[in-house]
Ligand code: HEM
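Next up: a single chain in structure tokens, the form predicted alone.
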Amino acid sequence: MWLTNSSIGRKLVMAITGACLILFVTFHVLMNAVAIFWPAAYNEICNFLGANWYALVASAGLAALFIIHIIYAVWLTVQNRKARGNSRYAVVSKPPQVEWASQNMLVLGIVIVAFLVVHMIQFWAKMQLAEIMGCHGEIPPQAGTLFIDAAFSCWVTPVVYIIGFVALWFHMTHGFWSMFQSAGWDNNIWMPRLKSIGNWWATIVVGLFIVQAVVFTINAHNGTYRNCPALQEQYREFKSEGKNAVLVEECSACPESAVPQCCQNK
């Protein structure tokens, strides 16, 4: 199959998966913005997504995109190094058009993956995965603002996130125009335009991420997400819904004639 057997095919796969991931990152930063301007609505979005089938399908598709993108990135890097052989160790002057990001895409990708692992441990594992496993802790899985509060209460979190965002900026600025080049859209007229668009897009998205990290840190230390009466009421509702769901699940395991007594004992 030419998508795997040829260098052009592998680059095209990288371009397609990269474009999808850029769109996801853009959606993610817009969703995070809701947590700043309307925290209760952000929790409702978390509640809407949760472990519903459409959210699980989207998560599985997103995971597949990440895995394919990473595999093909490593594949192309190994292929390029084999093609260069010992010549890669020679000290030569780099042409001006060879950007720093293009020489370090794999390293940038590793930094982003490490940041992604931290992010998933702090949020996805405690929200969607916890709901899938039925392991509800003190914080309801739908209460996204409480997980923001828990994560950004530690000063290490914004530092790690900003490092990840800077790596993401370099990765996106190169990857944006590179994916069009891989798709064959490469000429002297459009390439400078695509590079400019990519730089602006990456700067806006990453800039918003950094602003959000700073605001989340300030709000976490001010107790904004813990002391807001409206949010507290929302948290109580989520906890109540979680308890009722567990009650119904446990009662459904009882014989039909024993369900009322089972629930009464609960």
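Source: prediction; values computed, not measured. Numbering starts at 1 and follows the sequence shown.
What comes next is about the form predicted in complex with the named molecule, which is not displayed.
Per the 4.5 Å heavy atom criterion, the named molecule in the model of the complex is contacted by stretch 28 to 36, the sole one of 233 to 241, 219 to 227, 28 to 36, 196 to 204. Within 4.5 Å of some heavy atom of the named molecule in the model of the complex lies at least one heavy atom of residue 168. Interface residue remark: residue 111 is not counted as part of the site for the named molecule in the model of the complex, having no heavy atom within 4.5 Å. The closest non-hydrogen atom of residue 182 lies beyond 4.5 Å of the named molecule in the model of the complex. In the model of the complex, residue 70 stays away from the named molecule, with no heavy atom inside 4.5 Å. With contact defined as any non-hydrogen atom lying within 4.5 angstroms of the named molecule in the model of the complex, the contacting residues in 49 to 75 are 59, 62, 66, given in sequence order.
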